[in-house]
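As structure tokens, one chain now follows by itself in the form predicted alone.
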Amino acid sequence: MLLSSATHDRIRAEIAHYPNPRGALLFALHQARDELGRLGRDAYAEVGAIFGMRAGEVAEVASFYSLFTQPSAKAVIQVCTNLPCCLRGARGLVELLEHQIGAKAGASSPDGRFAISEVECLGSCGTAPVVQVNRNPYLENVTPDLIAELTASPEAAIAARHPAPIISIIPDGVDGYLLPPNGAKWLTLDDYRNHGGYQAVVKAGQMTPKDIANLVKDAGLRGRGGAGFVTGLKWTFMPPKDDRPRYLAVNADESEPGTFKDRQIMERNPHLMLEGIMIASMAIEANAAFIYIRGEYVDAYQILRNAIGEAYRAGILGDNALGFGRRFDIHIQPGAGAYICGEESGMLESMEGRKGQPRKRPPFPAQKGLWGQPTTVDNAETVSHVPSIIMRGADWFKAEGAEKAAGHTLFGISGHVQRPGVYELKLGVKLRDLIFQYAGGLADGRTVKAVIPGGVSMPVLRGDQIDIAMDHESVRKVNTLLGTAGVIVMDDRTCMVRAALVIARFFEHESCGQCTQCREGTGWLYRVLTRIERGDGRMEDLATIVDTASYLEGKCICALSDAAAWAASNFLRQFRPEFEAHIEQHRCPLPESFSI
């Protein structure tokens, strides 16, 4: 056997949590790679034997995910090179690593001690630039001095630990209910209960499922995962209760550049999320809930796993679960580095131990979701609002936000601001205030050139468009969307072609390849933008961007193709003179811009 008996035992214990053993496949592959340092034919065969799968079937799944296909070395140093990290100097870190290790990004050093991997968003945009060594906790706000420490030896890189800074804030005057105040962490059950925790689930247990759903619907809670659909209404889409098991699937994948809010709840207030999951599960009469968390979130995964364990030991979960009067379970599953698994049906496929390729619909998850059973999919932040709604009521929640956009949200602000971070604020706050009042404005007297308001899939705004309210209806008036409320700010030095190029690279890399338009179209956009950025573009390339976007938008199984189209075409629409200048001058006209 390649794998130790302890690893086999951990895998078999994990299998017991799922109605189908393959639910533990990604967990097993993580365990195998962590122990062996790499995955190959023999590892696939050994893992496959546990699950009754052929080695080739296991390899097909593993090869889909970035975390299982990294270069082989004792210490793999992964550098996020997506937009927020690029804006804060990630390219310089990669070049420094290449010089000190003696290997190019994507390859291992000749002695096999180190490897460098450029990776897409790590979900910590407020502490950019970010590095992860193997599958260890993040290293954030990385400097050249830290790179020197990491490259002293593989052992030094693997041992490096820097506690995550507290970047999530409840500003003065805000009655926060998602984050603990004053930088506190409520990690233990006692911490949470001492601040009123698990009272809401008891109160909800005295209500009917229909009454819970109606209360949340009346409160106006909209999903915080990007689409903004009315949560209580979504819960009513589940079919009438019958003999089949029913599930809640919680999306904590959070892989879109600019989005880093859910991690703050999971690492600072995990029991709040668990209580919200329990109440949501009451509303849809679920037998169990499964949390799908991105595989890079090592600390968040362990914190949530510990919190779930505490809840079982206290009798809050399990037989006669608190408020349920019956058995109820929550389990957590790690992803493995695939943005497409943030799409709800791609996530369900991954949760079932398959490639995370989105499903054709209908049927929708409420009819046929996890393991073919009725399933509701909710975002991690969304369910975290529910306990406060139960305790304080619909009218209170509606008063805390804007019309048609009730409550608070966690605004993540990254890029060229002086105080990047996550701010708990009412929906409807002005974008200008987010940038200047809360995030401290821009350094060195720079001006705002561009803002992406809700993760890189949302259409970009110009700097003269920031006098808008940040709620779902207001942002539509300037032809963009709130998305995940992940705000990326770019100053007047920033090259818009480079920004569009970095985003296009992300969508090409993250396309699952299932739809021809998306697989080929995202590649076209990336190649055309690359040509323009390096000074070899032609004016007809601008028409190609527009045409390619038209073939992507609304043409594929999921919205990744729409996002790729919106990003490229809207950068061109908003900043066309800059694209034309690249073509006419055969170079980038902004020498101070970030490097890619």
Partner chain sequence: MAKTVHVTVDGRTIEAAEGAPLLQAMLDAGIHIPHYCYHPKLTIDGSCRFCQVRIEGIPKLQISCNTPVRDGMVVKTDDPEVHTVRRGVIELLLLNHPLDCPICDKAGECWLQNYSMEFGAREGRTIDPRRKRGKRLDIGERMLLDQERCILCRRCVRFCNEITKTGELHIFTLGDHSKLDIYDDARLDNPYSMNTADICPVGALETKDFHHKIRVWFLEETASVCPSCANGCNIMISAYRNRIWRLVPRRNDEVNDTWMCDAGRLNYRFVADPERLRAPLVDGAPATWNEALDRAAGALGDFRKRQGGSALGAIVSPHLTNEENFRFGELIHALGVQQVAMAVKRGPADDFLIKAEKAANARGVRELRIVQGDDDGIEALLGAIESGMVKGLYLCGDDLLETVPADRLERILAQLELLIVQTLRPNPRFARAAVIFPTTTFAEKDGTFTNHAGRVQRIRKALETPAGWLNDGEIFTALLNAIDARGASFALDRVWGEMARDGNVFSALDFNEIGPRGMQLAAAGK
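Keep in mind it's a predicted model, so treat the numbers as computed, not measured. Numbering follows the first chain given and starts at 1.
There is also a form predicted in complex with its partner chain; it is not shown, and the following applies to it.
Exercise. Hey, of 246-254, 318-326, 504-512, 263-271, which bit sits against its partner chain in the predicted complex at 4.5 Å between non-hydrogen atoms?
Worked result: In the other structure, the partner sits against 504-512.
Problem set entry | Site check Arg41, Phe64 and Ile557: each within 4.5 Å of its partner chain in the predicted complex by heavy atom | Yes, each of Arg41, Phe64 and Ile557 comes within 4.5 Å of its partner chain in the predicted complex.
For this session: Could you tell me which one of Asn136, Gln517, Gln100, Ser109 places a heavy atom within 4.5 Å of its partner chain in the predicted complex?
Result: That would be Gln517.
Problem set entry | Among the candidates Tyr292, Trp524, Tyr177, Tyr297, the residue which, in the predicted complex, approaches its partner chain to within 4.5 Å (heavy atoms) | Comparing distances to its partner chain in the predicted complex, the residue within 4.5 Å is Trp524.
Exercise. Quick one: does Asp547 come within 4.5 Å of its partner chain in the predicted complex, counting heavy atoms only?
Worked result: Output for Asp547 is yes: heavy atoms within 4.5 Å of its partner chain.
Problem set entry | Non-hydrogen atom contact Glu35 with its partner chain in the predicted complex at 4.5 angstroms | It does not: once its partner chain is placed as it appears in the predicted complex, Glu35 has no heavy atom within 4.5 Å of it.
Exercise. With the partner left out of view, is Ser474 within 4.5 angstroms of its partner chain in the predicted complex by any non-hydrogen atom?
Worked result: No, no contact at 4.5 Å.
Exercise. Hey, in the predicted complex, is Arg446 touching its partner chain, heavy atoms inside 4.5 Å?
Worked result: No.
For this session: Heavy atoms within 4.5 Å of its partner chain in the predicted complex is the criterion; list the residues of 37-68 that meet it.
Result: Sequence-ordered list: Gly40, Arg41, Tyr44, Arg54, Ala55, Gly56, Glu57, Ala59, Glu60, Ser63, Phe64.
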